[in-house]
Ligand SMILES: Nc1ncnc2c1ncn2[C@@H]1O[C@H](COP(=O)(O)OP(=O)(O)OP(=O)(O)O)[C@@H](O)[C@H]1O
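For reference, the chain that follows is the form predicted alone, supplied as structure tokens.
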């Protein structure tokens, strides 16, 4: 497996619309963000915890491995920083190398010491769409499906694709988190989400601005993980 060299502008660097902004942002990461950021991973299966973000940096999102931050002066770029002790940085870098430039994925412009500078994706996660009562058209699901097929064609294995890892942007679908795309074991999360979309959401919920509280969505997510683990255990017997 060939990994990109850390501390370098990668091949897709030239696709960045403003390369000078990219360079200045990297300086700000080193001078302002990294020395003062307080980020930790407490539980491996739960999102990381961000205790402090130095101004003018702001927290954009969190995952199980890392936090994503942005600076208002570089609004089309974000930095993804892995929590101390969390593995996966070099693997994610390799995923971005294989994906190259693709409209349904972000792009990695620079990588160094457990952080990645990425193209910012604008939109609302499907998880948040359900909370806000936003209608999710079939094209969103179809776009994500095509994007995942493209990833497979690049020797990757789409993994852990759930409502928080995919996004709707102006009626189109985007894939936000690709950090586990080198894991070769089967993952049915996206297939299960599609079934829920076509057999439950479209016929029963898409006609209403149903706004589900986050505690309900979290309960569904927890029960799904338990149910999927139960089915996987039975299938191995």
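No experiment lies behind these values; they were computed from the predicted model shown. Residue numbers count along the first chain shown, from 1.
Just so you know, the form predicted together with this ligand exists too; it's not on screen, but the next bit is about it.
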Can we say 60, 68 and 125 each have a non-hydrogen atom within 4.5 Å of this ligand in the predicted bound form?
yes
I need the one stretch from 49-57, 175-183, 201-209, 32-40 whose residues put non-hydrogen atoms within 4.5 angstroms of this ligand in the predicted bound form.
175-183
Would residue 111 count as touching this ligand in the predicted bound form under a 4.5 Å heavy atom rule?
no
Looking in the predicted bound form, any heavy atom of residue 97 within 4.5 Å of this ligand?
no
I'd like to know if residue 64 sits close to this ligand in the predicted bound form, meaning any non-hydrogen atom pair within 4.5 angstroms.
yes
Heavy atoms within 4.5 Å of this ligand in the predicted bound form: does residue 145 have any?
no
141, 130, 167, 151: which sits within 4.5 Å of this ligand in the predicted bound form by any heavy atom?
167
Judged by heavy atom distances of 4.5 Å or less, which residues of 116-136 approach this ligand in the predicted bound form?
118, 119, 120, 121, 125
